[in-house]
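Okay, so here's just one chain, in structure tokens, the form predicted alone.
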Amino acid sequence: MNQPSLTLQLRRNIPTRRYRVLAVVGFALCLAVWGLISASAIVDPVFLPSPVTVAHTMTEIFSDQTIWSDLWVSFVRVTIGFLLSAVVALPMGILIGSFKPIEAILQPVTEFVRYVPVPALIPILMVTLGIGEESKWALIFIGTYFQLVLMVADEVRRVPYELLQVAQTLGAKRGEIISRVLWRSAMPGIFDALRLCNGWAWTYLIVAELVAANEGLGFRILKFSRFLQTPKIWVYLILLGAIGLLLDLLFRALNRRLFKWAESGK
């Protein structure tokens, strides 16, 4: 049987430098495909402007203070909604993953609610919370909480039961088992769940800024779309993608730094 090439071995690490080069190649290929499609007659330039046009528009937009104000407002909205979700979901997920009676009571309800489309809740939130920042935080909270709580519960369940038995044998009480065994063992996976849900929080930004917003990245994209200002839309979409990528890399770096023991055990 032929051995696979070094770069395609299953689940084998590659040097960091090679990984970064391949990542740059991936972005370069996307840019090249974009340029080829925009230069052809396949898509109207009104809907798909060229990379050069978007680059010129980006220079103009970043010279204006508006984009920095939009960025700050959106960042605050996403961060508050996501932190509220995390504060509630972490203890609830630990309880669901630790105790079967609590799982029986809460998990089916959570599974049910997480399939309710978040945009459909906009009228209800506007009536109950008004059109201020609270309704925007609530939309991001709802969009991430029900996913996060189930992911946390799953990570807690993945902790080997043998560890709990050893802790009980050594005389640990229930609270100590939860805090010192379940929580600490599940922390790397929970941190990774937070990374994923933070990404989802940003995807709900435009939905949240449908609620009577007058600034923010999502609001600006919707405003540009009304006047078919597609180069500006692409600039804001690229900015959102860059923010998401940077936050994802930050979460990954913190995970490796905080949980070196988990990385070494893989």
Partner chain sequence: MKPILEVQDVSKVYPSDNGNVEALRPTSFKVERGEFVTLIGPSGCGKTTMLFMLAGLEEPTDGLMLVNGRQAIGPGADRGMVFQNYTLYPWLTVAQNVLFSATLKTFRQDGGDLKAANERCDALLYLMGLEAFAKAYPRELSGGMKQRVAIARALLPRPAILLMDEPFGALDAQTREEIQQLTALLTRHEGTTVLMVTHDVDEALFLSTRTLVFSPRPGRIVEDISVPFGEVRTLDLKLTPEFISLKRRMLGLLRRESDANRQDYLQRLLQVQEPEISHVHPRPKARKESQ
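Please read all numbers here as calculations on a predicted model, not as lab measurements. Residue numbers count along the first chain shown, from 1.
Just so you know, the form predicted together with the partner chain exists too; it's not on screen, but the next bit is about it.
Practice item. Spell it out for me: taking the partner chain in the model of the complex, does every residue among Val33, Ser40 and Asp44 have a heavy atom no farther than 4.5 Å from it? Key: Looking in the model of the complex, the three residues Val33, Ser40 and Asp44 all stay beyond 4.5 Å of the partner chain (heavy atoms).
Point to revise | Contact test in the model of the complex: Arg180 vs the partner chain, heavy atoms, 4.5 Å | key: Contact check for Arg180: yes, within 4.5 Å of the partner chain in the model of the complex.
Review point. Would Lys100 sit within 4.5 Å of the partner chain in the model of the complex, counting heavy atoms only?
Key: Looking in the model of the complex, residue contacts with the partner chain do not include Lys100, since no heavy atom lies within 4.5 Å.
Point to revise | the partner chain contact in the model of the complex: Glu134, any heavy atom under 4.5 Å | key: Heavy-atom contact with the partner chain at 4.5 Å: absent for Glu134.
**Study point:** Partner proximity in the model of the complex: Gln168 to the partner chain, non-hydrogen atom cutoff 4.5 Å
**Key:** Yes, Gln168 sits close enough to the partner chain in the model of the complex that at least one of its heavy atoms falls within 4.5 Å.
Review point. For the chain seen here without its partner, which of 122-130, 181-189, 105-113, 77-85 has a heavy atom within 4.5 Å of the partner chain in the model of the complex?
Key: It is the stretch 181-189.
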